[in-house]
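Here we start with a single chain on its own, the form predicted alone, put down as C-alpha cells.
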Amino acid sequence: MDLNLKDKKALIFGSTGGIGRSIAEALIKEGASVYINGRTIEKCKAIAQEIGAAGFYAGDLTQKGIAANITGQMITDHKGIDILVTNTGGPKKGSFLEVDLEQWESDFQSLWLSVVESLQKALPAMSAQKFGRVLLITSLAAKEPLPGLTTSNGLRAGLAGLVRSISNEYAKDGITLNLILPGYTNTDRLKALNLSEEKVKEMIPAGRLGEPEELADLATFLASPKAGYITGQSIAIDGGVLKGH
C-alpha cells in the first residue's frame, strides 16, 4: 500500500534509539524526509547517517524551551512541517512520597511541557498548509496506572485529555492528533530488566514482547494522509495488557 508519504517533512523527537528510531526508519522507507532528535550532536549525526535521515536537531528535552526551539528551527529551515512525533524517555520510579518536587518539575518539563512547546510551534504551520499529523508516544500509564511510576501515571494521563481537546480544535484544518500507548516493547530499556520468558507470558496475554517495528508500522499509517479520519484517539499496542477500554 502506498501511504502517500513521499517528501513529507517529519520531525521525530527521541529518535536515536528504541521506538523513536524505528518510527524514523519506517517513515524513511515510505519516502518521507525525516529529521531526528537526540541529546548529543555526535549520536544524532551517527544515527542520521546510519538510517538515511534527511538531517537532525540535537537537544535535551528536559531543558525548558529546547523542544520549541527545535520545532521552530525545522519549520524555518524547511518551510513547514507535515509530521510531528513527540517521544521522550521514561521517568524514574517512585511512590508518591518518594518523588520530590525536583523530579516532578523535571518530569513535567520532559513529559508535558516539551510536548506543549513543540505543538505551539507546529500547529500554526500545519494549520496554514491545511495538513498535519501529530503523534504522541506515551505509555500504557496514560490509561491505567503502572506500579511505582507516579509521575508518568499522572502526567501521561493528562496528555490524553489535552490531545482530545486540541484534536477537536484543529480537525477542520486537516490535522490529526493521536496518542500511541506502547506496552512491553523489546527495547534496550526493557532488556535491562532481564524478564524471564515465564514472566513475560504471565504479564502479557500475547505471550511475548512487542517489537519496535510493530509500533512503527502503526505510527506510519497514522502519520499518512490515509489516516485522516482518525483523530483524538489513544491507541494501545500492548499484546492485550490493558484491562480497560
Ligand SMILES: NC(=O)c1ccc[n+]([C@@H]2O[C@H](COP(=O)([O-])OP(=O)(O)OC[C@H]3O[C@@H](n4cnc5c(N)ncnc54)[C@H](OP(=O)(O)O)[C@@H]3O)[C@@H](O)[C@H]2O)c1
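For every residue, the number given is its place in the sequence shown, counted from 1. This is a predicted model, so every value here is computed, not measured.
Keep in mind the form predicted in complex with this ligand is missing from the figure; the text below concerns it.
Remark: of stretches 126-134, 80-88, 161-169, 93-101, the one touching this ligand in the predicted complex is 80-88 (heavy atom within 4.5 Å). Proximity to this ligand in the predicted complex holds for all of G17, D60 and T187, with the criterion being a heavy atom within 4.5 Å. Taking the partner from elsewhere, G31 is found to have every heavy atom lying beyond 4.5 Å of this ligand in the predicted complex.
Taking the partner from elsewhere, K45 is found to have every heavy atom lying beyond 4.5 Å of this ligand in the predicted complex. Contact check for T138: a heavy atom falls within 4.5 Å of this ligand in the predicted complex.
Shown alone here, G183 lies within 4.5 Å of this ligand in the predicted complex, counting heavy atoms only. Using a 4.5 Å cut-off on any heavy atom, the residues of 26-50 that reach this ligand in the predicted complex are, in sequence order, N37, G38, R39, K43.
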